[in-house]
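Next comes just one chain, in structure tokens: the form predicted on its own.
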Amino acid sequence: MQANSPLEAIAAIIREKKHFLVLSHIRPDGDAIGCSLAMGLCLKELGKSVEVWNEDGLPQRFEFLENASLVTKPPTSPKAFEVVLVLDTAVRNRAGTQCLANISPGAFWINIDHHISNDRQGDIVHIDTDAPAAGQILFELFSQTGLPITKEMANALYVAISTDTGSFQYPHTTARSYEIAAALVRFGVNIGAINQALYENNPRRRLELLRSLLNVLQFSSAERVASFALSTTTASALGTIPDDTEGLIDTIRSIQGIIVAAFFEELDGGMVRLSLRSKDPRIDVCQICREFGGGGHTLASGARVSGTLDAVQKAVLAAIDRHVRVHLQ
């Protein structure tokens, strides 16, 4: 297994090389976008040549961030880079088919992440599974090694840490998370403005989607598991976009007595996107998702599963029930 490299080794490569590509995972969340943007802006501040790709591009809800347009979809023909930085991405293929296909051979790969299921691919890796967000690792990289941190980078890092800690609510949030947040405020982050943009600016179609999902809400495993499912037919009828589903699972996770929440999203091509959340570390949803080819964290994981929406839902709920019976008796 590839051992962790010190942050100083990563900083040395950043200072030495000139041409960089920054990647994060498909269906990017706030941590993925915040990290990608912060790293891209740091490299530009150092005078480097840098591109920031995401397979799905920049989600609408993060367009408020300064220089967010730096995050683009990948090109349609290969490009050469000295260094590829893969951030907040547990498995390399989660960076996306188009992204990976258009990186010319010969690049030096750096893998920075916090997922327990990380495959540790890369020429050097730094995986901190105790960090509640990859953005927290990047702050340590920048601050401990003397790399620049600008106000725009601070905003991006705040978005990364705030979203992946559930606004500093989730169990892996640490005292250091709050200390970093305070440091970011000193760099100029306007918490009120960013929180409003992040959490109080939902399009109406997202609320209509939530209403539709609650109409198909199911309870199982002696009322300890809550789940809902979104078909492509419903998504099309409501005119939703993929980013509209982000965070909706938290609504059912918040139900009193619920230990595990599950969201099933039907995709094109006979695939289902699975998201699992646990409120009890005895139910390790990363283990459950690994049964279906996915991974993530103990309390928050996901997978893409081949099959019909109904079949995948039945199989996953059966697996969850098995874990609940074994670990919560």
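Here the structure is a predicted model, which means the values were calculated and not measured. Residue numbers run from 1 along the displayed sequence.
What follows is about the form predicted together with a further copy of the same chain, which we do not show.
TODO: Within 4.5 Å of a further copy of the same chain in the predicted complex, counting heavy atoms only, one of 245-253, 119-127, 142-150, 90-98 shows up; tell me which.
DONE: In the other structure, the partner sits against 245-253.
Task: in the predicted complex, the residue from T72, T232, S104, S167 that sits within 4.5 Å of a further copy of the same chain by heavy atoms - done: Only one listed residue qualifies here, and that residue is S167.
Open item on the list: Please determine whether P78 contacts a further copy of the same chain in the predicted complex, using a 4.5 Å cut-off between heavy atoms.
Closed with: It does not: once a further copy of the same chain is placed as it appears in the predicted complex, P78 has no heavy atom within 4.5 Å of it.
Task: Contact of S236 with a further copy of the same chain in the predicted complex (heavy atom, 4.5 Å) - done: Residue-level check for S236: no, no contact with a further copy of the same chain.
Task: Partner proximity in the predicted complex: G188 to a further copy of the same chain, non-hydrogen atom cutoff 4.5 Å - done: Result no; G188 lies far from a further copy of the same chain in the predicted complex.
Task: Partner proximity in the predicted complex: W109 to a further copy of the same chain, non-hydrogen atom cutoff 4.5 Å - done: Flag for W109 set to no.
TODO: Enumerate the residues of 187-202 that have a non-hydrogen atom within 4.5 Å of a further copy of the same chain in the predicted complex, in sequence order, or give none.
DONE: If the 4.5 Å heavy-atom criterion is applied to a further copy of the same chain in the predicted complex, 187-202 yields I191, G192, N195, Q196, Y199, E200, N201, N202.
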